[in-house]
Ligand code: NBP
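Okay, so here's just one chain, in structure tokens, the form predicted alone.
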Amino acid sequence: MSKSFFGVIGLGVMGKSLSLNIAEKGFNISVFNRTGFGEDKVVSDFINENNSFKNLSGFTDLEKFVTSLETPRKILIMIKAGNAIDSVIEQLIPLLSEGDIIIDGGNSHYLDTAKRNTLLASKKLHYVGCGISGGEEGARKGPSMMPGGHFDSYKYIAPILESISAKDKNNKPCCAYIGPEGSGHFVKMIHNGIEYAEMQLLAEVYAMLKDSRNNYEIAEILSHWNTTDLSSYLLEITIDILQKKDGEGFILDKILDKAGNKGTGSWSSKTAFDLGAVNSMMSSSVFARYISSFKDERIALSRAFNKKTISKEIAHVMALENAYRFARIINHHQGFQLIKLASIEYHWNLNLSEIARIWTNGCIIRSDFMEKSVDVFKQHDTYFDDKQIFELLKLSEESIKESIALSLTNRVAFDTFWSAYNYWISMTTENLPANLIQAQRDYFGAHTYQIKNDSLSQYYHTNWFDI
């Protein structure tokens, strides 16, 4: 039997879907999954269910799996991020040969990826941290892929990754070499941070509308938005979710309001702190999920609050639409600024336009605005440098103020919109009260301060205790 061109370790939802995508593109592929832990039949069931693919081979013995691959071996690991990745790498190392390539397709932390890259390089093995977005459907039909590591490693795997990825409007693969070290996983992390905020914005729009409109009416409003520049995959699926019914009513109305998270959103916020970047919208969306998890406490406090039902004002849809447009721009701006600062800090030389391009299809945050972003970043470093976008933000300010005011009147949690507005106000204000902060820091800690219009940019200290 001829050797396989590619191998996949881990037959979870994403691993299975990617394996079928690879097989469908005509590549000979070997798949491996551990046994035990209730997974004894995972491989045999997968092979039997997909026996029409004659180029698909399954293994439960890791050594036989590795031997089945042509050299240089190209192995994609699709298991849960963390210690499990290190465990698999440890098992693989003695079975591999110089020049073989390990690809981590999970949501690993970018600093872990950088460490693994260094470790495997010392053993003359290649390591690629590859962010993959698109969920189960994207993995099967074409995801957005963000590989990072040494460029020579990418050259070996580019034919297969670019073949299975989604295609942009010009039929180019939504897969491109991102940069060195852990940059691929970093970019995927920020993708997920943007995704968190996009989802929370739609949740807050829903919260604003649901007291005065039924699900079908909300879906109709959002369907109109989806015919405009606001068109996006997340808006699309939200419309579908709002209208989905079973025999007894809307499924959405039965779902418990406790949101889960897998860490990439909080990683984005922690990284922003480390780099001195601002991602207040991502952070707000993460905290909103955390707050939702305190369901029992929220029930008890809402009953203790015992405020009589207020007559809620009906949201002005056009103002809300403009507010949503405003907030989405700020969210994308903060996300790409974080990528830009990381690129400078780590000397990655990342291409923002190319990152936007591979996010135009296959991934969760694909949208009409992302299409526009490809050209924006060819000409500018930030969205704020684009005159058209900056003018749109200026014109939308009254709408977001109106929507925020209504959220206060109606007692609707609206923090992600607030975060967008507060960031805009601060960034467009020449003089912030940080001068008082500096005076306070100098008073109690002699941290010094700078003086306005000082051409030498020197630091000064005042003895605040002098009379």
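As the structure is a prediction and not an experimental result, all values here were calculated from the model. Residue indices: 1-based, along the sequence shown.
This protein has a second form, the form predicted together with the ligand, left out of what is shown; the following refers to that one.
Within 4.5 Å, heavy atoms only: does Thr271 come near the ligand in the predicted bound form?
So Thr271 does not count as contacting the ligand.
Just checking whether Ile451 would be counted as a contact of the ligand in the predicted bound form - the rule being heavy atoms within 4.5 angstroms.
Ile451 lies outside the contact set for the ligand.
Would you please decide whether Ile218 lies within 4.5 angstroms of the ligand in the predicted bound form, comparing each non-hydrogen atom pair?
No, Ile218 stays farther than 4.5 Å from the ligand in the predicted bound form.
Find out whether any non-hydrogen atom of Asn107 is located within 4.5 angstroms of the ligand in the predicted bound form, and reply yes or no.
Yes - in the predicted bound form, heavy atoms of Asn107 and the ligand come within 4.5 Å of each other.
Thinking of the ligand in the predicted bound form, which stretch from 21-29, 455-463, 440-448, 6-14 has heavy atoms inside 4.5 Å of it?
Every other range fails; the passing one is 6-14.
Report the residue, out of Glu136, Glu236, Asp211, Asp375, that has at least one non-hydrogen atom within 4.5 angstroms of the ligand in the predicted bound form.
So the residue touching the ligand in the predicted bound form, by this definition, is Glu136.
I need to confirm a contact call. Of Met78, Ile329, Leu338, Ile365, which residue comes within 4.5 Å of the ligand in the predicted bound form, counting heavy atoms only?
Contact with the ligand in the predicted bound form is made by Met78 alone.
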